[in-house]
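Just one chain follows, in the form predicted alone, and it is written as structure tokens.
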């Protein structure tokens, strides 16, 4: 089955496209940033993509050791409450080393400050209100003051602050108690603004299902309390209910239009409140599946599907943070194999997955004026250079090949460079499967898998007289990145390319 489409781009044409692919990326809990493999994966992502912010759970989890209580072990009484920033400094410094600012998610509750044993994940994040709001507020304020002291106020206030994570789920917030969350938000908002009113603060960081109700009630609450919130946050996942098999879950992809329509409801709810009309929306988590053990994350299908998402998520959202940059991640336990369906753009062993290149390609589009956007392509013009991404996305395997033809205004001698990511030329998952699915990779196996994880690069010369015709045959779940740029020949004296390759 083959689908053919043709597009003509007219001189001076401009199309709306809000490309914020590099604003933020997600991470496993903050304490994992102390591991070597975590940092190696992060350096790889920053080298090729270069995100601006990083957001994850566990800032106040016990493994970060920020909240500390000293005891008289004979009486059991607390003698001192202190805040220790040793690990926080190490993590923040490592982020700064690779050009990242934190998008601070305030949570989860330190064990000694928790009001109950409501927990989430195998690492036991406490997800409940504090036993004492004064102690919680002091923790928040001292942490922000420490960041100001260490990095300067003008720098620290550029770190967006989100209050909690997915309080509309009982696992992430005890009993999914809306009123209790609103109290947490009010207390925390006031504490943050007391430190420096320039800090940007938002919430409620809800996931799908009850998102419309929660966002509506949250906006009503903010209006009632006269809170000058700076932004609204929510999450966005695009798969149906999971079917578990062994260590893994499998889920069907949702209709993407349903997901975009759901996102639009958040915009509409906010804009229905005159005071908050136009308030920025940050999607602080998004992916296809919300399960960290779904093999779809490692596939070319995921990469192509995400290209379509990246082409449209900026329509009503200020940012959208992919969950996550790497596979050092332990919410359901340490994985058994290098390819295990982890959220990351990078598999353990620093092996880029196909979706890594979706983000790299869209990052390369930043800076140009969009001249074409459709359900299967985005093209920008940056000076006299055209850059584009085309993809062949579908919810299920249908055997569809996509043939795209573009007529672009162009003149003179040109060079067309294409980078291909598809199941034949950039598919480390297939190679790993053909190798026997080894759970523990040797250095030789890692290097082999890395070599299969990079796009296939091709080039050709074109001559245009007013118009250049570009044709791309994109296999199912495939992606093509291209650049078309002026390239007049400037040969060295005596060099003859055709003679060198024995063409003449």
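Numbering follows the first chain given and starts at 1. Just so it is clear, the model here is predicted, and its values are computed rather than measured.
If you look for the form predicted in complex with a further copy of the same chain, you will not find it shown, but the lines that follow are about it.
- Although the partner is absent from this view, residue 469 stays clear of a further copy of the same chain in the predicted complex, with no non-hydrogen atom inside 4.5 angstroms.
- Using a 4.5 Å cutoff between non-hydrogen atoms, residue 330 counts as a contact of a further copy of the same chain in the predicted complex.
- Within this chain, residue 146 lines the site of a further copy of the same chain in the predicted complex, having a heavy atom no more than 4.5 Å away.
- Mapping the unseen interface onto this chain, residue 169 falls outside it, with no heavy atom inside 4.5 Å of a further copy of the same chain in the predicted complex.
- By the 4.5 Å heavy atom rule, the three marked residues 243, 337 and 439 all count as contacting a further copy of the same chain in the predicted complex.
- Between 246 to 254, 263 to 271, 306 to 314, 202 to 210, the stretch whose residues reach within 4.5 angstroms of a further copy of the same chain in the predicted complex through a non-hydrogen atom is 246 to 254.
- Put simply, of 296, 135, 153, 114 only one has a heavy atom within 4.5 Å of a further copy of the same chain in the predicted complex, and it is 296.
- Contact with a further copy of the same chain in the predicted complex, defined as a heavy atom within 4.5 Å, holds for exactly one of 157, 176, 431, 120, namely 431.
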